[in-house]
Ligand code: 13P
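Take a look at this single chain in structure tokens; it is the form predicted alone.
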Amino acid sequence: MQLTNEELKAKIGELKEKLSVTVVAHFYQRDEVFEMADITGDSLELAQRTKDDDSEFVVFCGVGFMGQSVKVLSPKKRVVMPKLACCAMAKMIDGIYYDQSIAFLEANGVSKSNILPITYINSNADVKAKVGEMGGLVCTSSNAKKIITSALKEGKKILFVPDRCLGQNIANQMGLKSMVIGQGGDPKEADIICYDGFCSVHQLFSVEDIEYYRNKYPGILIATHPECDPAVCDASDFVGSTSQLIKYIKELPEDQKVAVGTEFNMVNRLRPKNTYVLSSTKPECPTMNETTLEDLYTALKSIEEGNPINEIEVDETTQKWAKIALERMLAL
């Protein structure tokens, strides 16, 4: 017989009390899963906070690269994912595509020794390791500008993977020249060379959506995530990472209307009044929403039975170089 959500929550609570586990959930998770988490946050925050946690198991409700980041920073922890969901953006690049990007730059007059790679944290461990081995580092949407500013001091070309929008938006903010591999342009003339990856959810927002809300609600503010198209970010009143968006909106007067361009579940939890989703369709991340209460219960039961499912493993070499790339970021 299928259990109700309330019955599942009760059983999950019992297993959490019994086992040495910490349940963590990203902001984009379903409400009912999010509510069962001991730690919530964005991807890097979750990886950092679980480092200091004493539980043997981290049960990570999110997508694959996030579970890998926990394992990379805390290799002795056992990381279990209720669902092996994969971020679509992270899946757009792997070690082979990364190597092809380096080969493209070399074929177009940029030597490998003159390339400093930066990977958005939304990438798998093998890409982080490639970046770390080349002397590069990781960034998040909140610290990308700071990381790129520091990296430019080395006088090299920045190869930014995998999100072209974040790379272009930071370049625009800093008055730098950018190009996207495969979309024309001379890499010798660009400061930041972007891989052609993107977030399918943040591509849903358009300048037309902004115009609609501005016309319907005079005085409304538009707040968007830097994974949105540069034209959308340029037309916004505020652009920030997940945590920055949360802070910005919480500090607004209650009667100030705001339309937000990021994932639906997070926006829906922000505040009860005067907050709108900047899209005519529901911008819900399909892979983030794969994890259900039943999946979480099944994962916890597997730990209780001594046979954990979906346990994250990262080989020693990948772990070493990916950790170096992450630690270079944290050092800044």
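Given the structure is predicted, the values throughout are model-derived calculations rather than measurements. Residue positions are given as counts along the sequence shown, with the first one as 1.
Separately, the form predicted in complex with this ligand exists; it is not shown, and the next lines address it.
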Is Y120 one of the residues lying within 4.5 Å of this ligand in the model of the complex, judged by heavy atom distances? yes
Does N169 reach this ligand in the model of the complex if we count a contact as any heavy atom within 4.5 Å? no
Would S236 show up as a contact with this ligand in the model of the complex if we use heavy atoms at 4.5 Å? no
This ligand contact at S43 in the model of the complex, heavy atom, 4.5 Å: yes
Work out which of the listed stretches, 104 to 112, 171 to 179, 222 to 230, 250 to 258, brings a heavy atom within 4.5 angstroms of this ligand in the model of the complex. 222 to 230
Quick one: of S150, S74, S241, S206, which gets a non-hydrogen atom within 4.5 angstroms of this ligand in the model of the complex? S241
Counting non-hydrogen atoms within 4.5 angstroms of this ligand in the model of the complex, say which of H202, R164, K130, K83 makes the cut. H202
